[in-house]
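As a starting point, one isolated chain is supplied in structure tokens, in the form predicted on its own.
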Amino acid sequence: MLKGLIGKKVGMTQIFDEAGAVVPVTIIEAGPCYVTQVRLPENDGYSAVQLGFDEIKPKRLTGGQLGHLKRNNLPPLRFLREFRAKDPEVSEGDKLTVGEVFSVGEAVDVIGTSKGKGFQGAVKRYHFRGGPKTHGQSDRQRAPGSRGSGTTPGRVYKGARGPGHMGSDRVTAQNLKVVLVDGERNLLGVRGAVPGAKGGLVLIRAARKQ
């Protein structure tokens, strides 16, 4: 069975384990997802499964997108994402639910887009210490400091840490333990935080580093 689903981050809460300890939990609305395409090495050069999630009005999609889904009599779906899988054991048109795919105690990786922070300075973006607060300085407290040497190379190397756009990056939270599976309401609870804001799209797959 394919170990992967598309979902939306609902928010965070907490539950109590058997020992009475508080466990921070992120709730994800996972699925139901439809298998929109199965990619095979002989046809596409690699093995993968394309899943669709979130039913919408047909007018929200292009004709090509609708035609792609109508091949397998599937409803209009907002999001299509691929999961690499050698033996997925699924067929085009199948419907996958969270109760079938995941179970309590499993380890999963959750992929999402981190919150956008806009243009930020080096102190917030890369945790620079900043300049001294004493000895006469008046405007260097949150400055990044020297960017490099003078004549040689006479420029700033690419990739040097400094001010710039922060956030809106693809982030993977690894090895999160599944603590809740609610098949009736399509809810999945994982221990800890996952990337992104409430309502953000996330991909859930089996953990690679267990």
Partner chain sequence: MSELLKAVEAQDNPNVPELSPGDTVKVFLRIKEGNNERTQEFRGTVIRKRGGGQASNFTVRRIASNGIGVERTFLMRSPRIEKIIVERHAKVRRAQLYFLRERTGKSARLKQKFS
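If you're wondering where the values come from, they're calculated on a predicted model, not measured in any experiment. C-alpha atoms forming the largest set that superposes within 1.5 Å between two forms make up the rigid core. Residue numbers count along the first chain shown, from 1.
Here the subject shifts to the form predicted in complex with its partner chain, a form of this protein not shown in this document.
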>> Between its partner chain and Leu66, Leu74 and Leu201, in the predicted complex, does every residue show a non-hydrogen atom at 4.5 Å or closer?
In response: no
> Arg185 near its partner chain in the predicted complex, any heavy atom under 4.5 Å?
Replying inline: yes
> Going by a heavy atom distance of 4.5 Å, is Pro24 a contact of its partner chain in the predicted complex?
Replying inline: no
> Taking 4.5 angstroms as the cut-off for heavy atoms, does Leu180 touch its partner chain in the predicted complex?
Replying inline: yes
>> So in the predicted complex, is its partner chain close enough to Ile15 to count as touching (4.5 Å, heavy atoms)?
In response: yes
>> Tell me which stretch of 140-148, 24-32, 157-165, 44-52 has a heavy atom within 4.5 angstroms of its partner chain in the predicted complex.
In response: 24-32
>> Need the contact residues for 83-117: heavy atom within 4.5 Å of its partner chain in the predicted complex, sequence order, or none if there are none.
In response: none
> When the two forms are laid on each other by their rigid core, does Ala197 show a Cα shift of 2 Å or more between the shown form and the other one?
Replying inline: no
